[in-house]
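Take a look at this one chain, the form predicted on its own, written out in structure tokens.
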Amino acid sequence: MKVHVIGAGLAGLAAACQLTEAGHQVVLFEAAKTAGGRARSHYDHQLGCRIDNGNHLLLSGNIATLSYLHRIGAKRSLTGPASPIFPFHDLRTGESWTLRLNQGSIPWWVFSPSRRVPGTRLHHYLGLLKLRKATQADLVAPLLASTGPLYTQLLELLAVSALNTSPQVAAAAALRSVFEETLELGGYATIPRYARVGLSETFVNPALDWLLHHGADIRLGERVTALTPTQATVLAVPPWAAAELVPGLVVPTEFESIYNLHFKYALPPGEAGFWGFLGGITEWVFAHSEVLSVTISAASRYVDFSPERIAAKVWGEIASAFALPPELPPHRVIWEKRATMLATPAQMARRPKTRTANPNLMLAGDWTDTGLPATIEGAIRSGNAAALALMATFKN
């Protein structure tokens, strides 16, 4: 069966691989000249090296992502610590500490003051049980703020990073879905993983090579402006583009931005290769071979900052934490204006299902109803679901 996959982000690539592996003839369209969507790398002439569009931290519980990488032969392109550890630096106190989960499903680590969040007690962790009962209307901050230092020193940062939305307005149910598949399963599902070389080298280029080797037709730089109702299609484009191609389709309409900064500075990776920052603008710092990369989620709060101002502020925080020279090194600031949908209850309710009114058309993308917030895992899961749903119609 000939199938059109429109959009070569991770959702489209996952769908194309699933369909190709099942023996279908896939034609993959992408309006841009490069594939990958937000998960891509490029050579930056200003810095004189390759950089990622942004930083993406995976966890070992992201089964759909790991299966996708295994299919395209790229699983070994991930790296990270051998155990579930998360180093942090608190800019408010100058203290550095590391969260150290145990590998098993029983969280023995919460009984060890040296392994858990500083200043927390066992009753703070019991407050996480509220998340299991979160309704669709519950918000992260009102629900979890009572966990005290656990919230201010861990949960707040995890929530804004996973949901790319302020915890004051973010849907608690979306955070619950992340925890259910990682932290609640135990440390073995919470081991950090990230691209060893670059996002394109891990998620994109191996997929394109695999698809070409298996006979797929890849058409980069070719925009689809209309759909053919009788053509089997997976539509894996951003929600605003999907709404133009499918009249009447209800999609998320509010979005949140992300700041990614890259500093031309080599820093030893330490125990994990990354650090979480508390009490400042900086949120996550990744030590790559040639650059230090920083991610700031829910970045609309800094929309009035100039690129130079935010770069100077972030470098000042990094320099303070690691005792580095205060002079601002060569850098690149990337602001993704519509990085993800806003994870509020109202916007989460606008996520469409995989199937549409047209049995020949399936939707994919991290903005569809994947059961997860807008993450790499959600995007790949959506692509798999769209491919399987479409193949099910072929049998009818």
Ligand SMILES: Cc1cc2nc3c(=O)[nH]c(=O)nc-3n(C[C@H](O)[C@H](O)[C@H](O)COP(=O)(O)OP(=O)(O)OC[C@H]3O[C@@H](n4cnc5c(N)ncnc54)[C@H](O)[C@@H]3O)c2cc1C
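The first residue of the shown sequence is 1; numbering continues from there. Note that the coordinates shown come from a computational prediction; the quantities given were computed from them, not determined experimentally.
There is also a form predicted together with the named molecule; it is not shown, and the following applies to it.
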{"item": "Three-residue site 224, 245 and 258 fully in contact with the named molecule in the predicted bound form at 4.5 Å by heavy atom", "value": "yes"}
{"item": "Location of the named molecule contact in the predicted bound form, chosen stretch of 23 to 31, 323 to 331, 353 to 361, 41 to 49 [non-hydrogen atom, 4.5 Å]", "value": "23 to 31"}
{"item": "4.5 Å heavy atom contact, residue 69 to the named molecule in the predicted bound form", "value": "no"}
{"item": "Partner contact for residue 53 in the predicted bound form: the named molecule, 4.5 angstroms, heavy atom", "value": "yes"}
{"item": "Contact of residue 204 with the named molecule in the predicted bound form (heavy atom, 4.5 Å)", "value": "no"}
{"item": "Contact flag, residue 6 vs the named molecule in the predicted bound form, heavy atom cut 4.5 Å", "value": "yes"}
{"item": "The named molecule in the predicted bound form - contacting residues of 323 to 341, heavy atom within 4.5 Å", "value": "336, 339, 340"}
